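Okay, so here's just one chain, in C-alpha cells, the form predicted on its own.
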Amino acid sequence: MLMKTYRIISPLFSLAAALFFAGCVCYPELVEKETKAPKSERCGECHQFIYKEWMQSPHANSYTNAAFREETNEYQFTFCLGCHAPETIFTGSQIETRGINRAEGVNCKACHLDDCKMSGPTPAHGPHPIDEKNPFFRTSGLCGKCHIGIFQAWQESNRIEGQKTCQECHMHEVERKLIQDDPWQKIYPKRMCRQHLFIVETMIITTENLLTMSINEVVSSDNSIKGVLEIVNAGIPHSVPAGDYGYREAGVVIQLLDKTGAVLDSQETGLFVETKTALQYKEKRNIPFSFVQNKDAYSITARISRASFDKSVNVLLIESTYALQ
C-alpha cells in the first residue's frame, strides 16, 4: 500500500519566499536619508546579532564618548563630525555629517547605504532595496574612508608583502544567518560573515605572531634584578597603537611577582601616537628594566594592553612570563 506524505508549509513562509524571489521591496523607508532616516534599531529588528554586536562596539559611541566630546570642545570642531556621525561614507572626498540620530555614531547606514540601496559583501535578497555583493566591502579601502592614516600605513606595508585586510583582523568571521527575524530567517541560509564588534583580535595577534615579546638578558645580583624586554611589531600592518587623532595609548607593564602572583615591584611605560613613541611596522624595540632584589621574587611578567581615554577599557594584546626559579 502506497502512502502519500504531505508537508505543511507555513503561510508566512510561503509569503516570505514569494517576496524573497520576486525581489519585493516592503520597507523602502529603510534607505531614506536625512530627516526621514530610521534609527539603527529598525535594522536590528531583523539583523539582531549584528545590531547587538554593534551596540557594544566603539562605532556605536563614536560621537558621544567622553574623549571625542572633550577633544572637539563639545562638537565645536565640525570637521571631525563627518566620520563620527556620517550620513554615509559613500560620498565624495568629504563625508557629510548626519542631521539626526547623531548619538548613534557610525551606525548601520553610515557604512551600508550606497546610492539609495543597502550594500554589503555577500549575495543578498530582502525586503528593502539592496545592492548585493559589493566587492568594496572586502577591501581595506572601506575602513580607509575614515581611518585615513591607518589605511595609508596599511598600504605602505602591503607593498612589501601581502597583509590581512582591516576586516580580517578587526571583524571576527562567524557562520550564521544574516537575518534572525521571522519569516525572513527561514529562507536565509547560513553563511560565513563577520562580527560587528570592531575590536582588536588578540587571538590573531598571538597565534600568528604579528606582535612578539620576550624577556631577555635577565641578571640577578644581591641588589637588583635587571633585564631587557624586547618587543617586535612583526606583522601588524600599522603602528601600535594607531590612529589619526585623539588619545591613543598602548601601555607596557613589566612586573616582578612572588610565587602567589602578588606584585613585588612594577615598571610601566606607554606607547603613544601623539609623542611618536608608537611601535612602527617591522620595528624592534628594547625596553630595559630594573627591580630591587627581593627574596620572594619568583617570576617576571610583561604585557602590552590597549587603553581607552578614561582607562575603563584595557584590551590585552600580548603577555610573556620569565621564571626566575
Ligand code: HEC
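Keep in mind it's a predicted model, so treat the numbers as computed, not measured. All residue numbers refer to positions in the sequence shown, first residue = 1. The term rigid core refers to the maximal set of C-alpha atoms that superpose within 1.5 Å between the two forms.
The same protein also has a form predicted together with the named molecule, omitted here; what follows describes it.
Would you check, heavy atoms only and a 4.5 Å threshold, whether Phe272 touches the named molecule in the model of the complex?
Judged by the heavy-atom cut-off of 4.5 Å, Phe272 is well away from the named molecule in the model of the complex.
4.5 angstroms heavy atom contact with the named molecule in the model of the complex for Thr212:
No, Thr212 sits far enough from the named molecule in the model of the complex that none of its heavy atoms falls within 4.5 Å.
Taking the named molecule as it sits in the model of the complex, is Cys46 in contact with it (heavy atom to heavy atom, 4.5 Å or less)?
Looking in the model of the complex, residue contacts with the named molecule include Cys46, since a heavy atom lies within 4.5 Å.
Is Ile254 near the named molecule? Define near as a heavy atom within 4.5 Å, in the model of the complex.
Ile254: no contact with the named molecule in the model of the complex.
Quick check on this chain: which one of Asp115, Glu217, Asp244, Glu156 has a heavy atom within 4.5 Å of the named molecule in the model of the complex?
Only one option qualifies, and that one is Asp244.
Non-hydrogen atom within 4.5 Å of the named molecule in the model of the complex for each of Ile225, Leu229 and Ala297
Heavy-atom distance to the named molecule in the model of the complex: none of the three under 4.5 Å.
Can you name the residues of 38 to 64 that have a heavy atom within 4.5 Å of the named molecule in the model of the complex?
Result: Pro38, Arg42, Cys43, Cys46, His47, Ile50, Tyr51, Trp54, Pro58, His59, Asn61, Ser62.
At a 2 Å cut-off on C-alpha positions, does Thr301 qualify as shifted between the shown form and the other one after fitting the rigid core?
No, the C-alpha position differs by under 2 Å between the shown form and the other one.
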